[in-house]
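Encoded as structure tokens, the following chain is the form predicted on its own, with no partner shown.
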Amino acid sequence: MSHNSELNSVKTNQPSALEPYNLFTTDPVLKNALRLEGASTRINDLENFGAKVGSVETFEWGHQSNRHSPELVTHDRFGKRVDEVHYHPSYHSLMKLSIESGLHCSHYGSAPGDGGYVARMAKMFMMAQVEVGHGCSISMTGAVLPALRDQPSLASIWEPRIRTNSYDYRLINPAEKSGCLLGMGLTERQGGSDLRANSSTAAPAPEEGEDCYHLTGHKWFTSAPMCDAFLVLANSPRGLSCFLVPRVLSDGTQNSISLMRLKDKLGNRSNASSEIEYNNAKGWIVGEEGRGIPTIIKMVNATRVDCTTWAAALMRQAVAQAGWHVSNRSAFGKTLVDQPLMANVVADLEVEVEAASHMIFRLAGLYERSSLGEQEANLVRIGSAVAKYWLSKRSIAVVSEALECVGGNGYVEESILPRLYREAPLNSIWEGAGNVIALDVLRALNRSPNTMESFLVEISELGNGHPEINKNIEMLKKLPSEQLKEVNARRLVELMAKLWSSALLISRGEQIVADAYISSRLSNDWGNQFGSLPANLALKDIAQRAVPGRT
């Protein structure tokens, strides 16, 4: 017998790789959540997509696109300025799969309530589990039309370019491309989230055509800089305004946009994030001059929902990896998942993920139907902020604990977990950091009392008379004015998030999961660390839900 054969005959007690597996059919929540939000007719398509995304090949694309980060090329060998970003082929493969699957535009052809946006979000949820960085340009392109339609003359040109399922990354005249992607540039080095501190300027240039301006200034963070055009904020004569700035003009020449450098980021390494300078770059006004923030916030609101989905996706993938590991590795005479304390940890993680999953798909359904009534619109306004704040924070803790479940094998780069761990904090920063989002909730509640009323109706209807939920509803109703002050914003948002999660699990989750969540998070019978659920719960049954392929 050869040496290798001898080694192979020894029981290694090492789990095999989880992939390939179907990310849709193995998810204990996804199918039911989609049915409840009106996407039943899309199930077959999503099952096929789940198998495709869960393939070994797609996971390898995710690994390679992050191992080989994008490279900035500012000049060609003759000294000509080119300002291009070169990506690894695996990045282009991921982009091609996402765009051909309609993640950027399939929801634009859907009527409110027909499940199109919810199904698109399910695809985003699955794709982000394998690789989230390339989703930046997908998300921005998927969010741009509500803002761009404020300028019908531009929308008529750019909407057909966006609503194709063709990935064309050539840097050429956008009119000659088979498909285009759009991004945005908001923040500047001196202001960050304080957009009113922006210093970039936009000077009217009527000689260049109607609504044309020349933009000069910088943007401190512009991700996906190889997009074909950006919505950019700059100060025009009437105030901060929104402009569409293409990278290549209609005559085929490059606009006066310079990529200064790419950020060397903690995570999200497949996605290029750049510093950009504009030097009399041509841009066209979008919406009313001086109303740039209300215009572009329509785009930001949609990308904020995607960020929230990414946070939940990172949780699901991390816990799937942990569940697979502990169900296929033994210690001290038992499979790890059958060890009481490990079962508590994994069950606790699964409870968090299932609550997050129901929240994001409820939010997706509300977003899709937000034009149908005041209740839905109010819930999207407050719910998107509550979910963004809460799930971004919870994602960091969940991924960290899941990595610990896998142990040393989870800490090496061949595992997907280090990448998930680096990705998790980003969702708390993009589209509004924690304080910004918490204050946004406070602003909405103070401006419109109907917003809280809509939230309470939602919780009451979903909670179905549960005494712990009713007690917290009464608490929210009686909040004194000092509780709606800035210093208390985070406490308020966290209470709202836990209450919404509890009600969602009561209404559409498994009873054992709802009991575990409410008794720990809402009733506070919890040690604030995963693995401290009360011992009288169905811990083993919940833990098994975290194992892909088991019911």
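Residue positions are given as counts along the sequence shown, with the first one as 1. Source: prediction; values computed, not measured.
Beyond what is shown, the protein has a form predicted in complex with a small molecule; the following relates to that form.
Please determine whether residue 237 contacts the small molecule in the predicted complex, using a 4.5 Å cut-off between heavy atoms. Result no; residue 237 lies far from the small molecule in the predicted complex.
Contact test in the predicted complex: residue 323 vs the small molecule, heavy atoms, 4.5 Å: Close contact is absent here: in the predicted complex, residue 323 is far from the small molecule, nothing within 4.5 Å, heavy atoms only.
Heavy atoms within 4.5 Å of the small molecule in the predicted complex: does residue 410 have any? Although the small molecule is absent here, residue 410 would stay clear of it in the predicted complex, with no heavy atoms inside 4.5 Å.
If we define contact as a non-hydrogen atom of the residue within 4.5 angstroms of the partner, is residue 431 a contact of the small molecule in the predicted complex? Output for residue 431 is yes: heavy atoms within 4.5 Å of the small molecule.
Though the small molecule is not shown, can you say which of 222, 151, 98, 90 has a heavy atom within 4.5 Å of it in the predicted complex? If I apply the 4.5 Å criterion carefully, the residue I get is 222.
Can you work out which of 472, 268, 357, 137 has a heavy atom no more than 4.5 Å from the small molecule in the predicted complex? Here the answer is residue option 268.
In the predicted complex, which of the stretches 125-133, 360-368, 165-173, 436-444 has residues with heavy atoms within 4.5 Å of the small molecule? Correct option: 436-444.
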